[in-house]
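Following this are structure 1 and structure 2, which are two forms of one protein chain, each written alone as structure tokens.
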Structure 1
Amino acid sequence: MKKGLTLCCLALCINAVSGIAQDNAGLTLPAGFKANLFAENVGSARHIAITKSGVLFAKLNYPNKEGNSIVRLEDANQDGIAEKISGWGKYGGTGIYVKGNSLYASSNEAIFKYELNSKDEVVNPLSPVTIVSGLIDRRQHNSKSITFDKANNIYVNIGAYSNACQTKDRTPGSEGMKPCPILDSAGGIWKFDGSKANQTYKDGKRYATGLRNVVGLDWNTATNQLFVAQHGRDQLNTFFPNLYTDAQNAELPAETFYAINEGDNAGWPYVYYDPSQHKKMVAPEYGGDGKKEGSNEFKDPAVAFPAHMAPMGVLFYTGNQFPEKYKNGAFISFHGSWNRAPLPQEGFFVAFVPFKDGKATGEWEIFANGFAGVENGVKVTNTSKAKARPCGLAQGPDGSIYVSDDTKGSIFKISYLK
């Protein structure tokens, strides 16, 4: 009888817990925060951007079932759920940014500019101005993520179309090319003028280099500095099984978050960052053995995260809704890994990086978890089974933040209840 009662209580408890989880759209959040689904099934929603009036634009990786690759979502009745949803555009891509009355969106090789009217509707959906074109797209690492500084300059990621700049990509025994020719046109951040049409490489400037692939980047307006999150190289164990075990590959190299100044070099493909040794190590394609330390000419990260988690979005929080500790700190969304296999995968959450006096403290914490839809404490084994994979981040006018999922196209809204 007593046992039955205990079981009954336990069942009730579990129900209550899962009930709460359901209330937060399945997410686990710090005390005082709540989440709900702002939208569902919008398509492969990569980055998102929000206007001053709260209209959200999502850039899709592929056109959705309606055939649109940019989606406009409006919550006119202010109930936290978008009910006016429309779209346009045929090109897949990742980048989207609202700057004043302009909406910028990127394909995998170009950046386009649209005009917004007073209702935040796009005036010229079929005839955008081409701002930049001809950026390298060789499939691998082709997301042209964008952000802006205060002077209307665009910073765009041009990812390296390679894992480690081997003569033959992802081929065992193939040596690293020195110097790596990819760095002339990719593997870095390029800067363009946001107001000038028809630019290409010769009109831009390589702002930072040695960055394998940056999907998440944001301008820190508090310190006037670019911050980028890099996807570290893959498959140390696959190509160098005599130097790295599966377990070592699962933890190497770190996913790195950098405070970027003009001219910086983060060292890809020559070095990678080892998070347990807190050192840059020479890549094995360039004579490294897991012990040889890399050159100090390359930049150290502001924060090192566990390997392979795939940072997709960076957002500096400038709102007033969240508690004080979040102000001017950075949220980073992690898509979730694949290259930790055969070990369990990691990521599938949004992290928070606290800042003090304009600098990352080096610490980080999980802010929102549960996107993958697995029970607390259970790991994702197979990446494609994750229910949602966090990608884009944006801040609404009321200080809430939004997180997009590029698997099924959910958009989560996270707010703080005072």
Structure 2
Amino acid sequence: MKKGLTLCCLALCINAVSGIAQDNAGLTLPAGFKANLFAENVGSARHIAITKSGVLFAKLNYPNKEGNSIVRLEDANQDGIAEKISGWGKYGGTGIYVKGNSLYASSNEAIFKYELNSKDEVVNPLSPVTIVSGLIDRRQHNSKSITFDKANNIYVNIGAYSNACQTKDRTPGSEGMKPCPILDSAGGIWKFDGSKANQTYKDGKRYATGLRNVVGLDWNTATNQLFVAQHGRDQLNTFFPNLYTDAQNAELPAETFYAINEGDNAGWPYVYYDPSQHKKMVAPEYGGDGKKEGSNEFKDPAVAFPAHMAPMGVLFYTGNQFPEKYKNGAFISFHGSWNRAPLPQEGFFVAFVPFKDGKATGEWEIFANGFAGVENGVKVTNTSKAKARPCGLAQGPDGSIYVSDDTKGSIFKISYLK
């Protein structure tokens, strides 16, 4: 699938299926792959992590009906379905990560560490070590997604509590603040020591800036580099109707996937990426008119996806189960859009981005689709009616991948039949 291809064309190629209770758990997959429901109704499962023995941990955005915000799922009899399910914790949030015999989980303002025993059970679930606290939570773009590098450093997203850093947020015609004061403590990726307790902002480092909101991120071990997927800004036409049509608003800006090095600036809020022009454009809040090109000081994306699809998870595939084309490539989950009108809302799938010589090729494809289901024979595009919305991604020890859904609480397992 070519870079810049619009979803109004893409939608014609999608073979949606109904429900999540039929063959392949209701998903459409490439030939040779199968899917099953690993678990259902676990709660608002955001990101997920898996141990070397195959125990899966899910971080819930809100405590579930049992009152737990972290769920442990074990498939003890190896039939592809979790039958041993337990949980703990009372705080919501998104991030979770297994590193050695430690489990890290984040709330919307802190990161905690739990120790695992030889059975991958949490030793003291009610007494985690606080690794970082005091991260900004202003209720907008407040998820604290996390990943690790090889040296045990934590990388955490601190999303911008704004759409475009306007003087009056989300107000028609309001000018942007320059410099944007939000970038001092949000709108980027911060780096912390994963072994050190009780850190705050002053102990960390702003690793990258100019990123409006990153929910999906992963460390590419093949290139030893951080990759992030950004949610692009909203409502160009709503706030600047004299500059953008409804149709342009539906296609702008791209959802962007970046290869990040320390010190990089992706340009939010000053620029956005136009996937049809393949250029960074000056944002209207800062004097842009849809034609004025942005500065080269800001980073170009490795891949540009169609607008408003909400990338939620990033996973670099390092397993051996899938065919060779998937090795060291990136899977990205898309939650589904809400503001692509007058075009149909889109997303609700997992995409695959192939890599060659450590770089994204720019070509991408839909890998797993059909999460949203159909209603009266028509593909569901309303987020409130979707049967499932892909969010977290994780790779199991056998090379299968798992996809979480943070609406109904399903977890899908996708495997390749050799």
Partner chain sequence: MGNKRGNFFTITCIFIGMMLSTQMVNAQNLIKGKKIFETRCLVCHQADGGGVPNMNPPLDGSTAVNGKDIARMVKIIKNGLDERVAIDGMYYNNAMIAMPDLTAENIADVLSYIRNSWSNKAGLVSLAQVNGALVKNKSNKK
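Here, rigid core means the biggest group of C-alpha atoms that superpose within 1.5 Å across both forms. Numbers given to residues start at 1 and step along the sequence of structure 1. These numbers were taken from a predicted model, which means no experiment stands behind them.
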**OP:** With both forms of the chain shown on their own, indicate which is the form predicted on its own.
**Re:** 2
Subject >> Core-aligned CA displacement of residue 342 at least 2 Å between structures 1 and 2 >> reply: yes
